Structure formats: structure tokens, C-alpha cells
Ligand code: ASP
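We begin with a single chain expressed as C-alpha cells, specifically the form predicted on its own.
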Amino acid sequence: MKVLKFGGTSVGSAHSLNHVKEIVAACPQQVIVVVSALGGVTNQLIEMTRMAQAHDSNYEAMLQQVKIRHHDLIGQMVPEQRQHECRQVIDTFIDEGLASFYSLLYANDELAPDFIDRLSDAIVCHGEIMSSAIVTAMIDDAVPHFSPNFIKTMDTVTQRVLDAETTERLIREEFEHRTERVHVAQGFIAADVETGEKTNLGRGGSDFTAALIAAALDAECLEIWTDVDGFMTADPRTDPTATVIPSMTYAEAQRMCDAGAKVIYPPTIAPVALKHIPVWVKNTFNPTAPGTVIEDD
């Protein structure tokens, strides 16, 4: 079994989603597909939150643009017999979920800061939920999963952290003994282990979600599909001589991530390193490129 994570650029257009579909179809074994929100949507959700709090009604037009974008992708990628149901899912999350949350922020000046924080967490979760609905619908016989059911966080005195023990147990309960070939889950989003309220793993947390699933299930490998050919010797945007690093150790990858490399979210490395699970970083738009493999010495 493999875990495949696709970032925002990988699910952001019909062109990229066609690549996603081909990559998944090329895997003969069982796969768990973890997806981010469509590219740019998380930033839009955050910006609309700011606008609603500032009593700027232009958030409504932006929300309609988000709906249209998802509808357009459904029309291009989802088989006709599943399009109506998929559009209904998107409309429910936008018209009954996001619209009501933004309206609440727009109409109230005296909401408690803690309540606003919880509302903001609930809002930002919608990007992954909607993208996963499209990816599930476009792949024949794909099985949907809801990540907050098994990715759990808890609050400490100073910060929110992963409840690692509960998360590992729940991932196993969710996926073990399932025989279907393709499963789809959301990256990034989670739920508080005590209250059940929606939380998240932080920006970039979809990589972490995929690593947690791979580690809990002792996956054959974790594949991070992005828009670059792998880890590079330098930033190719500023250094035309930059080349792909074909292989590196977990420690080397962790050092590069900690130093600011944007290829993988830094907490991703630890769970898979502990289980000695190889991590491949590959380009959705150039899937035949070798990529970078991260593994033991």
C-alpha cells in the first residue's frame, strides 16, 4: 500500500487533475490519496474571514468565485453521472456552511476571540473538504474518508499539538482491513480529541497528514506530489544551474526543511523516518521524472 499526497497546485486545474488521475491509475496496489485544497483557495478562505470581520461585503462575490471554480472543475473532471451529486456537496458546504460562518462574522462586532478562532478553524477546513469531494468523484470506485475522524489534536498550556497515540490508533481502525483499491482523505484538517471541534495541523500540514497515515499503516512508501522535480541543489528560479538531488537521508532532508526548503512541511519527516518508510518527492506535471527519494543511509 502507498500513500500519495497531492498539493494545491496538483489539484488546482483540470490539467493537473488529469495527471493526478493517471498517477493513481498507474498504481497497481492499494493507495490512500491525501489532497490539499485547490491552489489558492485556503488563502481566499482566510482573506474572506478578514473581510467579513471588517464588514466588507465583497467577501460574498469572492465566495461565489470559489463556488464557480469548483463547479467548473466538476464539469471538466467528474463523470457526468456523478456531477450533480458532487455539485450538491460543494453547494452545501458553501451555501450552508461558509456563507453562514461569514455572515456571522460580518454581522457581529463582539464575538469572543476564542469563538472567532474556532470559527476560523472551521472555515479553513472547507478547502480540503471540497477538493477531496471532487477527487473522490472523478476516480471510479474511490472511497471517501473524513480526516477529522482520525487525525486528532489537543491543546496544551501554550499550543495545539497532535495527539499522536490517539491518531495512530484511529488511522488503523479507519483503514486496516479495507480491501478497496483507492481511498481519498483530506490533508491539513483535524479535530480536537476532547470537543470534536475542527482544528488543523498548520499551513503545509497536508504533508504531515500523509506521513501520519503512512507511518500508522506501515506503508510501502509515501509519495509527495508537487510542482517541482524533487529537492534541488539550489532555487531554480534564481540559479539556472540547479539540479535535482536524486537521494538523501532523512536527516539531510530534515536539515533542508528546517533551513527553509519549501518542498516538504518540516514535521513530515519524523513519523516516516521512525518506521523507515521511503519518501519520494515527485512532480505531478512531470511524473516520469525520477524525483528525490528520502530514506535511511
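So that there is no doubt, residue numbering starts at 1 and follows the sequence shown. This is a predicted model, so every value here is computed, not measured.
Only in words, not in the display: the form predicted in complex with the named molecule, which the text now covers.
In the model of the complex, the named molecule lies within 4.5 Å of some heavy atom of residue 37. Among residues of the shown chain, residue 144 is not one whose heavy atoms approach the named molecule to within 4.5 Å in the model of the complex. Within 4.5 Å of any heavy atom of the named molecule in the model of the complex lies no heavy atom of residue 84.
In the model of the complex, none of the heavy atoms of residue 223 sits within 4.5 Å of a heavy atom of the named molecule.
Remark: none of the three candidate residues (49, 118 and 121) comes within 4.5 Å of the named molecule in the model of the complex, counting heavy atoms only. Partner contact region in the model of the complex: 199-207, out of 146-154, 105-113, 168-176, 199-207, criterion any non-hydrogen atom within 4.5 Å of the named molecule. Contact annotation for 106-140: a single residue, 128, has a non-hydrogen atom within 4.5 angstroms of the named molecule in the model of the complex.
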